[in-house]
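In structure tokens, the next block holds one chain alone, the form predicted alone.
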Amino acid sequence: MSMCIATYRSYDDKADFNKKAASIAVGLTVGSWTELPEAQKAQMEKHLGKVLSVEAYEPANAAQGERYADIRIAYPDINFSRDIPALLVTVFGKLSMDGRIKLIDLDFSEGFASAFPGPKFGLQGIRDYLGVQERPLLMSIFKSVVGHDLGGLRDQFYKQALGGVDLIKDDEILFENPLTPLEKRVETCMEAARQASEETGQKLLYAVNLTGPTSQLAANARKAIAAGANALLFNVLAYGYDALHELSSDSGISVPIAAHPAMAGAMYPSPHYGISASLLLGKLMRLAGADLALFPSPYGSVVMPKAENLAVKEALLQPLHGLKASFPVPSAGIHPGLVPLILQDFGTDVVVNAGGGIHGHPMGTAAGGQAFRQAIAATLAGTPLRQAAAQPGHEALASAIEAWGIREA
């Protein structure tokens, strides 16, 4: 029988975790079991959840409230349609309100996963489009955007592009507005991209923020693409994974999609409630079709513990039912002095994503991008950043190090 497996971490000082697991398996599937007549049990057996394992942890001298168990339960695919909302409601809908319990992981069956094509481009497709195979990619962010007209937006875009970035993304709070309407914004920024490319000789992806009512998302995506957009930014958790799946599966939306983690802080940080970061921002984003997935870095202003960061990275990169890998994009608080640490933790298959670390550079926005590119090149060559910064032509890196320093492991 084809089944999807959910792993939970349940905290309780007194519970019999085996009984609790059995109650979950029955309650989230057939509703009751022992009271059913034998003939009805035979009929309902194929719908019944199965407890696969219960591993209890009672640390010595543990504080009250720290007794927990990891519980694995298999849910028959026959119980739900092949879409992410149906699966999440089945395995965690009502249960999410039943005390201190967190959804740690989901293992999809082959049958369920077959309904999802996953990322259309994925990590390798983005590398191929940009013609960059060996090094990490560099992304910059519009800061700020609200209240700017098209001229101000174009100027900011052009300066970012001159710095040698590979991707530029809208801020996630840039919505449709009279000053910078979607199609005009795309046309203006892509023209700036073409101008910068003539000087830098490199390609660039512009991830324009896709917004509006859910019913209009696909139409707005097509408008953006018709105007020249070559990537989209999407606030997945505000709209739902199914909206991302619809966009990524649409043959008329033929550009990479970057998934923004807005709203994730309401779901993953607690050890006792919500959904793990690796599932929320990793595995489910990839299943739904994100080509790039942004998540808080362990280094900066919106901190996620490093162990969770690396778990998100693995969920985006490791084999998963034949789906393409999604590009990991650790974000927030990134400056050039962090580049060696980022590459140490994430390897070269990572997007270095910076906002203030580019725009706040003492020598200007273009120099901010150049400082990152110099830091990346030095790290890949095995050259310490201070040594690289002392070389002729590396004034941008030297200025960045003076401003932000170098973060050691």
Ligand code: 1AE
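Since we're looking at a predicted model, the values are computed, not measured. When you see a residue number, it is the position in the sequence shown, counting from 1.
Here the subject shifts to the form predicted in complex with this ligand, a form of this protein not shown in this document.
- Not displayed here, this ligand is kept clear of residue 256 by more than 4.5 Å at the level of heavy atoms in the model of the complex.
- Remark: residue 182 does not count among the residues lining this ligand in the model of the complex, judged by a heavy atom distance of 4.5 Å or less.
- Mapping the unseen interface onto this chain, residue 141 counts among the residues with a heavy atom inside 4.5 Å of this ligand in the model of the complex.
- At a distance threshold of 4.5 angstroms between non-hydrogen atoms, residue 191 is out of contact with this ligand in the model of the complex.
- Exactly one of the stretches 330-338, 217-225, 284-292, 148-156 approaches this ligand in the model of the complex with heavy atoms within 4.5 Å, and it is 330-338.
- Screening 250, 171, 187, 242 for any heavy atom within 4.5 Å of this ligand in the model of the complex leaves a single hit, 171.
- Residues 260, 261 are the ones in 250-271 with at least one heavy atom within 4.5 Å of this ligand in the model of the complex, listed in sequence order.
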